[in-house]
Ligand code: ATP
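Next up: a single chain in structure tokens, the form predicted alone.
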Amino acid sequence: MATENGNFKKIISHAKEYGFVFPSSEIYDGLSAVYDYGQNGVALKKNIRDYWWKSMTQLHENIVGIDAAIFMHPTTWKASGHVDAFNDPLIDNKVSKKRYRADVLVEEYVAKIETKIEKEVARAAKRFGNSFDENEFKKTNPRVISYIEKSRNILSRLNKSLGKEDLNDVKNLIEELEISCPESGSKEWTDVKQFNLMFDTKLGASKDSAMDLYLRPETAQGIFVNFLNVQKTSRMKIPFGIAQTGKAFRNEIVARQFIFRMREFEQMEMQFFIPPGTQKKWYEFWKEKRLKWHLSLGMGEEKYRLHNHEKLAHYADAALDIEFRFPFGFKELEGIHSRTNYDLSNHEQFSGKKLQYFDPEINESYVPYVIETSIGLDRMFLAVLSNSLTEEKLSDGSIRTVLKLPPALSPIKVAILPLVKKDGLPEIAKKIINELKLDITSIYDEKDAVGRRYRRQDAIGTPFCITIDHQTLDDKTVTLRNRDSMKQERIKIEHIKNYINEEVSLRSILKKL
């Protein structure tokens, strides 16, 4: 755990040092759990968003996109259930005066048990070698069996208590497990209380006549209230989907772990409208599709796992999380939810407007059911960044820090480096970059020795460097260096664009889908 925490600190430090993420309003000592994306961060974030957007709207003829407003009529949130039910269980430690989410305290306790299981598995795997069967070991090892059973019992009790809103039992569970405050070590806790997560604001010129509004806590409702607008204007037939990316806001009790949990964040959501009774088929379809989307980035199948929800949200009849192994453990990256017809039915009731689809195949109108895929863009950014940061010991004993981003997502695709600032080399380099930058995100760098320039590009994840040297003057070839292997080869200037494009375009990963 200490090593993981150390690695996470390196990731946070690297993100700031190389222009990926800055604390917001830092010159005024910052604002808790609010961050700004720097020059490299905003480019990486855009590339992730583009990959998601193209995979949804470009590869599927029956999915279109919208961009709904952040401000919505306040009745929207009454209809969606957010006014009455969008709460987190809050608990304070009496000694440290720190506030925590009660359910997260319990989940972190369970995460420590899961770490013990992983250590038992790792030791056994080392002992038995190629003959080791992890599934069989988990089923037969008494210690692991007891750990698994304990974890399940704790989470089952937590979910039942939260489902019944039995907050006293949540506190009892925390006390029985002897969970202490991470800061003070104290086990003196207050009662658990519910805390609504929505930010409220006002709309209007005067205080007396202003309307109470909320900053949207999710982007999904903008899709639901526009269901008929999109269906009719695009002439879509069910099944069809509506995709959206955009900001959402939640007044998190404890916003921490860098950009993993923030008060202002960005979601990438798609609501897929289907006939009632077909939700199980489409739920399985989108579960497989979304997992394939993640795996196509090549970050390692072992970094993902599926977690089925025991406690379902009020709108769902099935739900699961695609979890990713962050430096602080497996955490939710994306959710797949079968939302039934809850949202459209409620908006129909509260608005007095029909939100139904006439199905010509059965000559009948109905309120569609919905399968939702919802992924946090900031969490995806953190998953990609944390998985890519690597330190390598080279043959000369030096350490190379390299960000091995999937090339299609890298902020800069290629760096153009004249070996020296004379002899006509900068002129050739600038001619090359002027040609490349029309199609490929490129950077020109002539400062310092070329080795140092390579290291700078390694640290921001640039997949390729092209060095213009004196041989270029003779045969019109350049040195092309690969970030990951550090191998160098000569390539004709006229072949640069096609070569780089083939390696770094989004097409290279979209075609895997």
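None of the values given here were measured: they were computed from a predicted structure. When you see a residue number, it is the position in the sequence shown, counting from 1.
Absent from the display: the form predicted in complex with this ligand. The rest refers to it.
- Only one segment in the set 405-413, 357-365, 325-333, 341-349 has any non-hydrogen atom within 4.5 angstroms of this ligand in the model of the complex, and it is 325-333.
- Heavy atoms of residue 222 never reach within 4.5 Å of this ligand in the model of the complex, leaving it off the interface.
- In the model of the complex, no heavy atom of residue 381 sits within 4.5 Å of this ligand.
- The closest non-hydrogen atom of residue 429 lies beyond 4.5 Å of this ligand in the model of the complex.
- Using a 4.5 Å cutoff between non-hydrogen atoms, residue 227 does not count as a contact of this ligand in the model of the complex.
- Screening 369, 100, 265, 77 for any heavy atom within 4.5 Å of this ligand in the model of the complex leaves a single hit, 265.
- The partner is absent here, but in the model of the complex a heavy atom of 374, alone among 96, 244, 374, 180, sits within 4.5 Å of this ligand.
- Taking this ligand as positioned in the model of the complex, the residues of 219-253 that bring a heavy atom within 4.5 Å of it are, in sequence order, 250, 252.
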